[in-house]
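Only one chain is given next, in structure tokens, and it is the form predicted on its own.
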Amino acid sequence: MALAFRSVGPGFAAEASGVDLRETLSDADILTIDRAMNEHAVLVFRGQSLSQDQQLAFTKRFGPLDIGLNMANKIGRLGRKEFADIANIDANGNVLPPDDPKLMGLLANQLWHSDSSFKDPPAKYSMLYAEHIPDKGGDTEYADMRQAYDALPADLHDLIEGRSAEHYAFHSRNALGAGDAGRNVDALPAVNWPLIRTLPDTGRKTLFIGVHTRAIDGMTVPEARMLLAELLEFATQRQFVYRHQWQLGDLVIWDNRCTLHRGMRYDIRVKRELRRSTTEDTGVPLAQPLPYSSTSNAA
């Protein structure tokens, strides 16, 4: 069966079919997926059954791996810095107690954000795989920043045109009271990115915002944060948002350059286990997929 894509969201997001991601996909299939990402920004692959090695091997076809916050963290439950462990369990599979520091990070994921916007280079594609999901809650929402940019009122566009925002890894976590304890914060200094970016693959313009932003050049901190809050409220209106209801074996890919996402509330006393792999944004469109490589010896 050939790769096919069916729209599932409001002007973006699609469900992919006709592919088993455990297999070594051809260069043509990788480029087809990449072109679909340029159009849809979010792709849903249902019914997959991926090992850690298989997920990383697939991810690497799209670019160098990004380790994001793990630059400042100790190696966790999965034993690999290439994965973000989106799970409320410990190494023995037990649900974490409500006061466990790791849960602070998981709760911060319920704020609108773009993965690794706080580093240079930032992230390009994130790939989140569902191993265990609760019966209720825990969906993930995605907001299309291309559509949001296109709909910006003229006065708001003029206010942010040519301006940059500062992104800091621990801004959202500090706001939730998590603090920086146990983290090497020096590994992730704040970075600045334009509030309006142009996607090199398509030439489309997009907003680049989210809860990692804490300042705007040329503005006082209070003024900047009010404007960032206004932009976030505007950009996450329902007409720009796709809500994904997880099923076991789902792999969802999204483009961090032009979407924001957030996890939805669920009972943190109930097991929820997902793992995320991510590629870096090299700034260069994918003209030739990277070759398949085994990850069985990955650290």
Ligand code: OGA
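Everything numeric here is computed off the predicted structure, so don't read it as measured data. Start at 1 with the first residue shown and count on from there.
The next section is about a form of this same protein that is not shown, the form predicted together with ligand OGA.
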Exercise. Could you check which residue among 164, 73, 147, 140 gets a heavy atom within 4.5 Å of ligand OGA in the predicted bound form?
Key: 140
Quiz prompt | Answer option from 107, 86, 191, 215, heavy atom within 4.5 Å of ligand OGA in the predicted bound form | solution = 86
Quiz item: Is residue 263 close enough to ligand OGA in the predicted bound form to count, meaning some heavy atom within 4.5 Å?
Solution: yes
Quiz item: Might residue 128 be said to contact ligand OGA in the predicted bound form, defining contact as any heavy atom within 4.5 Å?
Solution: yes
Self-check item: Contact of residue 272 with ligand OGA in the predicted bound form (heavy atom, 4.5 Å)
Solution: yes
Quiz item: Among 109-117, 215-223, 75-83, 153-161, which stretch sits within 4.5 Å of ligand OGA in the predicted bound form, heavy atoms only?
Solution: 109-117
Quiz item: What residues in 221-259 sit within 4.5 Å of ligand OGA in the predicted bound form, counting heavy atoms only?
Solution: 254
